[in-house]
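Quick setup: one chain, the form predicted alone, written in structure tokens, and binding and motion questions come after.
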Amino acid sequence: MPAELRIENLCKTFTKGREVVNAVRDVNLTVAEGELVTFLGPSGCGKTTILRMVAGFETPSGGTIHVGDEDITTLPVHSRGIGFVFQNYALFPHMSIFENVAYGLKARGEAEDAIGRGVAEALELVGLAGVERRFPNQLSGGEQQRVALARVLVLRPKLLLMDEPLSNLDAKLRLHMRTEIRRIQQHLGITCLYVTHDQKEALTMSDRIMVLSKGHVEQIGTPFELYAEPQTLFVADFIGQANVLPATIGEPAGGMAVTRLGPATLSLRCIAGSGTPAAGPASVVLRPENIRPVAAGEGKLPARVLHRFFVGDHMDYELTIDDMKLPKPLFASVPYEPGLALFEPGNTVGLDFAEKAAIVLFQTPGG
């Protein structure tokens, strides 16, 4: 049966020579029964370390892990009732597919008829009925990943852990497999932790996402919440793509603030939790799809085109604002349509956007 997972004040410290590395710092998370939560962040942010502590492959330096009412923090791996799908499949090459999937059931001492039924059901669930007699090297990468998943699911774990399971697949197969994994997870109602560095994978598969940076939690929320209301500049820039513009705001009131953005004065929405709400320097976040280059002298801000890229269904622009110190060039992504006005590199343009599409974070780049 699926179970709730609770992680409380979880920490992990490594020692490298004389250096102490805080790989995971005070992570708190509750995952409901049947929920899929993705750990998302750059390499070295601590996501796999957390997963390995939940699995029992790493010992926490502090904090506790509960599955249901049971404290599993110090339990050995085999006593946790957890299934782990590895990045490299970890199939036994000398065993048939049947033997690979049946391995855990045999180790558990199940009866032969129960093992046969379990293997058949697990392979049918992952869409591989009839491959029992083949060997791993006779299957494609996607099929091998399905076998690895079946080998875990046949044990009916309380909790399913997946560590970048699609990273070895090509782009087209990744799209198909992430849909299949989500379908199977929802069909079984199994509680799942999923690790990836792929933003689109996280956005399309997850009930919630925990964004990590340098061992600590930046934000936990639904995919929509993280994209529409990032609480830090890191989350804004990591989930999707974000343009960050320096701004000066007046005293916030009612979730809004009068904002000075270059030559423009706007009333913009402030995000709670993004810092100390006070008048002064701040940042405005705009998504590329919310900005449209227009003729010079129009729009809200003057800008200059650096580069233009035609991507088929849309036109991308890289831009700068000469009188504004930007952390990086701005990007605008404009859907292509016949008669679309085009601007050349070097052209002076205006930037137009809806005020409701811009948000204020009480942080400054590097702050």
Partner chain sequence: MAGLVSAPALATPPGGGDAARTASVTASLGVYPILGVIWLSLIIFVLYPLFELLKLVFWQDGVLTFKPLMDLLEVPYNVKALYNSLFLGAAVAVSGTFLGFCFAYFTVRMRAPFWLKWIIATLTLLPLISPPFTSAISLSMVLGPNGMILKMLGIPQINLYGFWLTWTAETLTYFPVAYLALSAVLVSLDPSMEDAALSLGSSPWRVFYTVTLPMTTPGLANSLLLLFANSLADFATPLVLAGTYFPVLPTQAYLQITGLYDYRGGAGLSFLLLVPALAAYLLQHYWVSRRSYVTITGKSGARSPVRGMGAIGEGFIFTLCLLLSAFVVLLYAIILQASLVKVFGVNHTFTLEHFEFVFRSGQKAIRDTLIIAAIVTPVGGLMAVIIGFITFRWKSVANMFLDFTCMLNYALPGTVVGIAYVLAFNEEPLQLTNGLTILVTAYIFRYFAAGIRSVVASLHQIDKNIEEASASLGASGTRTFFKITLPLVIPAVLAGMRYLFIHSMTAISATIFLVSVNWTLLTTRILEAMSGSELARASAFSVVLIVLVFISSGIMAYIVKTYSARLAGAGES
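Note that the structure is predicted; figures quoted are calculated from it, not measured. Residue numbers count along the first chain shown, from 1.
Quick note: we don't show the form predicted in complex with its partner chain, though the next part is all about it.
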property	result
Heavy atom within 4.5 Å of its partner chain in the predicted complex - residue from N243, S274, Q185, Q145	N243
Contact residue in the predicted complex, chosen from G118, G221, P136, G262 - any heavy atom within 4.5 Å of its partner chain	P136
Contact check for I82, K106 and F238 against its partner chain in the predicted complex, heavy atom at 4.5 Å	yes
4.5 angstroms heavy atom contact with its partner chain in the predicted complex for H78	yes
Proximity of V217 to its partner chain in the predicted complex, heavy atoms at 4.5 Å	no
Partner proximity in the predicted complex: A90 to its partner chain, non-hydrogen atom cutoff 4.5 Å	yes
E35, heavy atom within 4.5 angstroms of its partner chain in the predicted complex	no
Residue stretch of 291-299, 274-282, 98-106, 246-254 approaching its partner chain in the predicted complex, non-hydrogen atom distance within 4.5 Å	98-106
